[in-house]
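In the form predicted on its own, a lone chain appears below as structure tokens.
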């Protein structure tokens, strides 16, 4: 079967949250004093069952591990080994999104599991500002882990969330660094989630960022996959590329092929799903009932909206922090 929503969009890419725990407290994500996360993680038996069913019976071709921060899950080592064995058996692509703080020590295990693609959050290239944003003094270690991953042949994309009052002044330098060094850096629009203090004045639209960078760089748009969320650009004669993930000001919902399972075992057809669109998968996972599991997901997809609301409307509705959803 093919998992398809009511608009005929096929879904073959799973974003699977391993945990709601995170070792950072980023100012734009989950400020200190916000809601405290109570982890209720899926077991690895449940995770492996879900992955097998979705790949074997629903044609899922790619699974990206997310969080929270997936590398802080306490039983990660054994689970990665089992997931790697399943990947070798079924042949799906396995990727990971991380903040990079523990990446260096986990690289060998990630490679053994067959993870060849990483998204790494780097919201500032200035060590003091990185610490102010994340509340952890970790930038040198993150950049060293990125270098090690690149040296090992992994595909690495760096993500920078841009806020007008936080790091907008770094965009020009960060873009030049990426283009000259051969890295792929994506600028992400600030999105509203529970307790993250979203205000429209802090949002920097991608059009403004693009115009700013075009003033100093010759940028050429690259062809995009129909399911891509990033608009990527290259600069002639330079090995790197930059991208823009414009979740708030340019809809890419028409090409959405993503399934999301949270760390608590709930399925969301959209990052910004409405409460009635979310479904609890734990009963079907606990029973190892593949038919009920797929039916629950399909039922949720049948409710999936064509796209999400305006940023202002989302700011009044979204009550859960990003780390509780899984990105």
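Positions refer to the first chain, counted from 1. Here the structure is a predicted model, which means the values were calculated and not measured.
Note that the form predicted together with a small molecule isn't included here; everything after this is about it.
Although the partner is absent from the chain shown here, none of 13, 269 and 300 has a heavy atom within 4.5 Å of the small molecule in the predicted complex.
Contact between residue 28 and the small molecule in the predicted complex is found at the 4.5 Å heavy atom cutoff. Shown alone here, residue 257 lies farther than 4.5 Å from the small molecule in the predicted complex, counting heavy atoms only. In the predicted complex, residue 3 stays away from the small molecule, with no heavy atom inside 4.5 Å. Taking non-hydrogen atoms only, residue 189 approaches the small molecule to within 4.5 angstroms in the predicted complex. A heavy atom within 4.5 Å of the small molecule in the predicted complex is found for exactly one of 104, 159, 235, 117: 159. The stretch from 159 to 167, 86 to 94, 145 to 153, 217 to 225 that comes within 4.5 Å of the small molecule in the predicted complex, counting heavy atoms only, is 159 to 167.
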